[in-house]
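This document opens with one chain alone, in structure tokens, the form predicted on its own.
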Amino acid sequence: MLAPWCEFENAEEPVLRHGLTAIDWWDRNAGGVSRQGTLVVTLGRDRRELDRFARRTHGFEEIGGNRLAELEPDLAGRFDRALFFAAEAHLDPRAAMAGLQSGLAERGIAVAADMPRDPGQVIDCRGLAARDILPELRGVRGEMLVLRCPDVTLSRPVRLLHPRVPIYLVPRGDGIFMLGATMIESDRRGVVTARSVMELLSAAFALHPAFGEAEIVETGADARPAFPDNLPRIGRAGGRLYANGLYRHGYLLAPALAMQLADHIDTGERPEFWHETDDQR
């Protein structure tokens, strides 16, 4: 999801500022960006969650059930209120990565699996694996499911708020949806837990009962690298440049982080996300 306004609900100002420019960047450089906005809904018993979300962000239109039904006919009659973030977008991350690699190949830049013998300038982007030089990094585990549910059609991501298990559902086309949102303070990687699967599927069923008949196509879990303030950093450690700590904002902040890093290499000026260690101050 390219959802800077929604993410601003519990993020710092740079996430919103750079996230707003990320949508155009991905569209220019990878293509496949769908600019249909985001819908945020909640069940009747959790209406306060929608009010809380609205107070903590901007860039939305509060809509009623009729307008919601116009935007997403398959949700007609299920919710009487929603927040519509019209300026947000979404993409398929795997297709986006393939688009970036194709663009690099057209410019004669190869993506290699192994380090060359004489690499020259090395930029360390290893995520959690870089804790050998960045001890402040911590893991924030995320888990997701990919579902096939041809009985439901959605044009845009839908966030279902819940005080304990909020979810997002992102359409990928042809009845395929990515369902996720678990955020656990843990660096454990590997398979999705049974509890998370049950909670995610229960929330999807609450959004639309047809998801009870969905086919689970894929499960996935990994740990996002994050610093204590949940903002990324550029700096020097272990004798090399690094860029790390994008937390849950990888696609929103990666373009800005990469451009700041490139400018630093060209000019030597310290970018916004620059971080000095104690021995460098």
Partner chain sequence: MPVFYGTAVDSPLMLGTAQYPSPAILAAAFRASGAGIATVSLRREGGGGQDFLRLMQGLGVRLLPNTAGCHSVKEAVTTAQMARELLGTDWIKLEVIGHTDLLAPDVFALVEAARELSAQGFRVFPYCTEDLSVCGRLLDAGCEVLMPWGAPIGSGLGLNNSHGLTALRAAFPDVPLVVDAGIGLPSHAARAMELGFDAVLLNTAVARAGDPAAMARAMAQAVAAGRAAYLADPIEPRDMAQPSTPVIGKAFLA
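Because the structure is a prediction, the values reported are computed rather than measured. Positions refer to the first chain, counted from 1.
Beyond the structure shown, there is the form predicted in complex with the partner chain, which is absent from this document and is the topic of what follows.
- Put simply, of 191, 97, 210, 184 only one has a heavy atom within 4.5 Å of the partner chain in the predicted bound form, and it is 184.
- A single residue from the set 172, 78, 131, 81 has any heavy atom within 4.5 angstroms of the partner chain in the predicted bound form; that residue is 131.
- Proximity to the partner chain in the predicted bound form, taken as heavy atoms within 4.5 Å, picks out 156 to 164 from the listed stretches 156 to 164, 108 to 116, 84 to 92, 70 to 78.
- Within 4.5 Å of the partner chain in the predicted bound form, a heavy atom is found for none of 35, 65 and 244.
- Taking the partner from the other structure, the partner chain in the predicted bound form has a heavy atom within 4.5 Å of a heavy atom of residue 137.
- Using a 4.5 angstroms limit between non-hydrogen atoms, residue 49 touches the partner chain in the predicted bound form.
- Taking non-hydrogen atoms only, residue 12 approaches the partner chain to within 4.5 angstroms in the predicted bound form.
- The partner chain is not shown here, but in the predicted bound form it comes within 4.5 Å of a heavy atom of residue 195.
- Residue 45 is the only one in 24 to 48 with at least one heavy atom within 4.5 Å of the partner chain in the predicted bound form.
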